[in-house]
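There is one chain below, alone, in C-alpha cells, taken in the form predicted on its own.
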Amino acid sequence: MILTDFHVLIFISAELLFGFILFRAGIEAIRVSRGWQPGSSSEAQIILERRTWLVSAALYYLSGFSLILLVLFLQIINNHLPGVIQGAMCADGILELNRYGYPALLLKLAQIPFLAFFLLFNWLDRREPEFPLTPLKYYWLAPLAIFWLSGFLSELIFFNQIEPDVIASCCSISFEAARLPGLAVSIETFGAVYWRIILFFLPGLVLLLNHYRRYVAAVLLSLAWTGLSLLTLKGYFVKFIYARPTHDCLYDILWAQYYGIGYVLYGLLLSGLIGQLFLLLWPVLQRRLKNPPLHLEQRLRLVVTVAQFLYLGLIGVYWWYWIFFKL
C-alpha cells in the first residue's frame, strides 16, 4: 500500500485537520441554528451572534484550505505517484489503479461549490444587522460534511489499495480503450467543425438567457456547455497546447512545463458554473434581504460571461497560433 508514502501521509494529515475544523464549525453552527432568535436582544442571542463570526472565520480559512488540498491531491496523483508506480505517466493511470480513484477526485471537486455558496450566503448575511440568512447559510455545511467524509474515506481506500509493484496503464492506452469504434475520428472531425461552432455559440445564448433572467434554462445550458468544453478540450484543443496531435491527456496541462494552464482552464469552467448556479438561487435569496446588493446580479452575470468567453479565448489563442503561424 502507498499510505506510508511521505507525500500521502502529509495529505491525509491535512485532510484530518480540515475535517476537524469542519466538525467543530458544524457543532457551533448547530448550536446557533437551534437557539437563533432574530430580533432578540437577549444575552443568549448576543452570544450566538458572536459564534456566527467564529464559524464564518473558520469557513473562510477552510475555503482556501480546500483549494490547497485539491492542488496537493492533483500534485500527488499527477506528479509524485507516476514516478513511483511503473507504467503510469499521469493522473489517469494512477486513478485507474482501483475503482476509488475517480470517486475520490470527484468528491473533492464537489466540495468547492458548497464552500463557495456558503461564502456568498455569509457575505450577504453579514451586510444586514438582522442576519436574515442565518441559519439558512449553515444548511450548506451538511452536504459539505457528507462530501468531505465520503471523499476522505474514498481517498483512504484508494491510497491503501495501491501497490507499488503493480504496473499501471498509461493514459494513452486507457483513453484509447475507452473509445468506441470510430469515435476518435468522429470526435476530431466533428469537433474540428461542428462542435467548435456549437462551443463558441452557446455562451452567447447563455448571456442572452441571463439577460432575460431565464436562469433555469441558463443553468442547463451552462452544464451542457461545460461538458462540451471538456469533450472538445480532450478531443481537439488540448493537442494544440501540447503541440502534439496524438496526445489528448487532460492532466498533463496541469504540469509546470505547460505553465499550469490546466488550472486556469478548469478554474474558469468551475467559476462560470458556480456563478450560474448562484444566479439560479438569487431570486429566492433576494426576497429574504431588506437591502440586497444593487449590482450583485449584474456582477454574477459578468462573472459567468467573462469565465466562459475567457476560456474560449485561451483555447482559441492556442488554436490560432498553431493553425496560422506554425502549420
Partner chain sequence: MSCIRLESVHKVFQKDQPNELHVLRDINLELPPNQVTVIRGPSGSGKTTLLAVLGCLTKPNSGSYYCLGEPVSRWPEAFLTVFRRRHIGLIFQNFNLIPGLSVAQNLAAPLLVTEMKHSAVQQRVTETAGLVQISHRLQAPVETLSGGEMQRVAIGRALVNQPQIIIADEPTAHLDSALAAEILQLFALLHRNGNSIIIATHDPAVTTHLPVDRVFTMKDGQLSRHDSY
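Residue numbers count along the first chain shown, from 1. Remember, it's a predicted structure, so these values are computed and weren't measured experimentally.
The form predicted in complex with its partner chain exists for this protein as well; it is not shown, and the discussion that follows is about that form.
Asker: Want to guess which of 264-272, 277-285, 297-305, 36-44 is within 4.5 Å of its partner chain in the model of the complex, heavy atoms only?
Answerer: Of the stretches listed, the one contacting the partner is 36-44.
Asker: Any of the heavy atoms of residue 126 lying within 4.5 Å of its partner chain in the model of the complex?
Answerer: Output for residue 126 is yes: heavy atoms within 4.5 Å of its partner chain.
Asker: Test of understanding: in the model of the complex, would residue 53 fall inside 4.5 Å of its partner chain by heavy atoms?
Answerer: Contact with its partner chain, yes.
Asker: Using the partner position in the model of the complex, report whether residue 131 sits within 4.5 Å of its partner chain, counting heavy atoms only.
Answerer: Residue 131: yes, in contact with its partner chain in the model of the complex.
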